[in-house]
Every structure is written in structure tokens, then in C-alpha cells.
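Below you'll find only one chain, the form predicted alone, shown as C-alpha cells.
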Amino acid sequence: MLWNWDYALSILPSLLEALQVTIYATIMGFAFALIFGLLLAFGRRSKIRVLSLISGAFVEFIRSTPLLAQLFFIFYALPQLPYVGISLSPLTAGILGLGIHYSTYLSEVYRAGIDAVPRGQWEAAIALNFSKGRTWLNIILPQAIPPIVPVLGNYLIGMFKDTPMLSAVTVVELLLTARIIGTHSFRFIEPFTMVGILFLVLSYISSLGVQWLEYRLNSRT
């Protein structure tokens, strides 16, 4: 029999348990990317030349190198650096790698949203004698964020689909769990098919969530 329902149902709990690791890594990695990406966007817009150059060089370097190489460096090479060597757990290293990698892309998305804010809004803030912090929090970011929500959502889904790379640093996520199950039972059709279905369902749910958030944000404007 090509497909065994009894076997598929028997491995489902293990796959769902591994799915929790995948979802956790995605949420934490994306949260890091959102914050660090915004800081990188600020850095690239900074009037301090050195800070702008360093931020720009960091973004280009990370975007020009593979995520897998970055994960290897964080998990295997970082602990061996003299004086600053830091050992991280596999999951922490994976989350950090995902967060740093995607933050460079989100920084460009933030920059596009900020640049799209009409110049008159900046001038109005200056005329009203707003502080820089109040200008950003009350005027610029509330106008810059809603239009870029769909793009941010696309990167969230992209990160979710990139989590199988964490298996390279021994994170037992969804795809690695399916491979282990298949290796033990010599049946690969059921576990890999179910992994594909789980990724499809979660990606679709995420897409609906992004659409709902976009609608809510636009309804307030």
C-alpha cells in the first residue's frame, strides 16, 4: 500500500510536537528581525557617516551570504573566537541566525516605508516643535508601517519555510523529525507528505492573518 493511514496517524503527534519548535523559532526569529531591522534602518538613515556606513555594509554583507553559512558561523565558529567566544544552544543559535538574516531584508522594507512618508509630515513635526522621539512614534512610523505590512508578512512566511535549515545546527524541527521518522521506519511518503501539508496550512493561516492585520490598520486611517 502506497499510503498507510494507521502509520500516518501514529506519527502525527511527533510531527505536531516538532511543529511547535518550528513555530517558536519563527515567531522569536521574526520578532528579533522586526526590532533589529528597524534599528538597521535608523542606522542607514543616520546623519553620522560612520554609523550609516557600518549599517549599510552589514546589511549588504548579510544579504550577500547564505543563511546556512551564517548559521554555521554562529553555532560552530562563534564559540571559538578569542576573547569573545559565545556558546549558544542550537535553538538559540538558529533563532539568532534567522533574526539577523531577515532583519537585513526588513531594514530595506522599513526604509521604503519611511521614505514614502510625505516630506510635509516631517516639516509639520518641526513646526510643532515635536521631539525626534515623538516625531517618529506619533507621526512617521504610524504612517510608514501599514503600507509595508503585506511585505513584512511575506518575509514572515519565508522565514517559516526556511526553518528546516536549522536542522544543520542540530535543531530538531519539523522536517528533521520527519526524516528521523522515515529513517527508522523506512517509510518516507507519509512523514514528508504530512510535513508539506503542515507547512501549507500554517503558511495559509499566516497569510490570512497578515491580510486581516492589513485590513485593520487600513480601516483606522
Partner chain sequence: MIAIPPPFDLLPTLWRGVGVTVQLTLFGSALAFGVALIIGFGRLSRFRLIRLLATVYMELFRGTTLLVQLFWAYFVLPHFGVEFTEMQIGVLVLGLNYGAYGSEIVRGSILAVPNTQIEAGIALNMSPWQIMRRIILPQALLMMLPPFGNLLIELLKGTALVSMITLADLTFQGTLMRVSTLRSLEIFSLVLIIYFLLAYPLTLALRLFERKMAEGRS
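Computed from a predicted model, the values in this text were never measured in an experiment. Between two forms, the rigid core is defined as the largest C-alpha subset superposing within 1.5 Å. Positions refer to the first chain, counted from 1.
In what follows, reference is made to the form predicted in complex with its partner chain, a form of this protein that is not presented.
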{"query": "Non-hydrogen atom contact residue 203 with its partner chain in the predicted complex at 4.5 angstroms", "finding": "yes"}
{"query": "4.5 Å heavy atom contact, residue 116 and its partner chain in the predicted complex", "finding": "no"}
{"query": "Close approach of residue 110 to its partner chain in the predicted complex, 4.5 Å, heavy atom", "finding": "no"}
{"query": "is_contact(residue 69, its partner chain) in the predicted complex, heavy atom dist at most 4.5 Å", "finding": "yes"}
{"query": "Within 4.5 Å of its partner chain in the predicted complex, all of 20, 39 and 88 (non-hydrogen atom)", "finding": "no"}
{"query": "Within 4.5 Å of its partner chain in the predicted complex: residues from 155-189 (heavy atom criterion)", "finding": "161, 164, 165, 167, 168, 175, 179, 186, 188, 189"}
{"query": "After fitting the core, residue 14 CA displacement of 2 Å or more between this form and the one not shown", "finding": "no"}
{"query": "Displaced residue check between this form and the one not shown: residue 23, CA, 2 Å or over, core reference", "finding": "no"}
